[in-house]
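Presented as structure tokens, the chain that follows is alone, the form predicted alone.
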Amino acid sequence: MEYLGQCAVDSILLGGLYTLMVIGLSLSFGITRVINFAHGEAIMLGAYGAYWAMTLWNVDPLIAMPVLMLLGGIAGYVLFRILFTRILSAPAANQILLTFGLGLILQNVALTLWSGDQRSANPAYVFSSFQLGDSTVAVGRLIGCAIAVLLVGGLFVWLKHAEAGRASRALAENGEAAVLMGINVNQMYAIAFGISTALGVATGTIMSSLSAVTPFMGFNMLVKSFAIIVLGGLGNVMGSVAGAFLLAFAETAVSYYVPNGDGWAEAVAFAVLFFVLILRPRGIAGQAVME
């Protein structure tokens, strides 16, 4: 098939970014069982943080990323301790309304402060590319994918080897047993939520130079994130990684091989969400637990 190599390259690079986009949301739900509908706004605020760092202080978005992630992690931790601990035992509808309302507030605050104009952080390397066989590799997307892989790899190392990471896995697998082992549940919940927010901010930082930055960009990211975690299995981190690459390949293939595919590609996430919920509601992994 024509353009098959280019399609594969673009799919892999996009899959890396999608993995970072969704991994924090999957981690948070797997541990706290709270579905965070404001995760898209964390991505949006990360993108604006990178844009303003570039515009006001000429700081490259990737250099600003550690500081933005730290601020996002602290904000997520504090928000969870103040707001979300009050709804842990509440019905799911209450949790959804709180996170959805928080997302709307953040979206409208951004709209009031910065208007709805499209912006973008454009360091010079974003416009560079090189040939890999018959395929063209965009340097900006390659760097973004590489950073995403490093951050996701670091998360897996933390989950497997750090004491807090192992405690998080224990909470995800059996909350009652974790409490009996002396794990501070609310503390670990807040840490997991803070890490989730920091990873969302990192996604926005990368996306600030690859797509338009607007107050509404978070919604599109949120829909794709939910399509991925439903595809991979709610709370299943490894399933979310697989789902991220499957969605990336599906979107890229539609873009390349379907007439007017660029417009249809944005609808792929909705189609995936629709069909998975009907045909396999527990995702491709067939379970809804943390691995």
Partner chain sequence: MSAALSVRGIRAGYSGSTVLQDVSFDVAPGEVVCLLGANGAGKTTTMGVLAGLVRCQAGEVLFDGADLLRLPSHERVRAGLVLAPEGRKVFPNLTVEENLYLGSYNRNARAGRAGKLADVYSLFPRLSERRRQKAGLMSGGEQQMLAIGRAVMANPRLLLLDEPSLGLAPMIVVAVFDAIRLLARSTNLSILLVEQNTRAALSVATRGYVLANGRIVHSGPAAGLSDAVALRDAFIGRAVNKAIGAEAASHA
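Positions refer to the first chain, counted from 1. None of these values were measured; they are calculated from a predicted model.
Unshown form predicted in complex with the partner chain; subsequent notes refer to it.
A heavy atom within 4.5 Å of the partner chain in the predicted complex is found for one listed residue only; from 174, 115, 85, 129, this is 174. Checked against the partner chain in the predicted complex, the residues 147, 178, 79, 137 give one hit for a heavy atom within 4.5 Å, which is 178.
Within this chain, residue 184 lines the site of the partner chain in the predicted complex, having a heavy atom no more than 4.5 Å away. In the predicted complex, the partner chain sits beyond 4.5 Å of every heavy atom of residue 119. Using a 4.5 angstroms threshold between heavy atoms, residue 141 stays clear of the partner chain in the predicted complex. Contact between residue 188 and the partner chain in the predicted complex is found at the 4.5 Å heavy atom cutoff. Of the candidate stretches 205-213, 147-155, 164-172, 119-127, only 164-172 contains residues with a heavy atom within 4.5 Å of the partner chain in the predicted complex.
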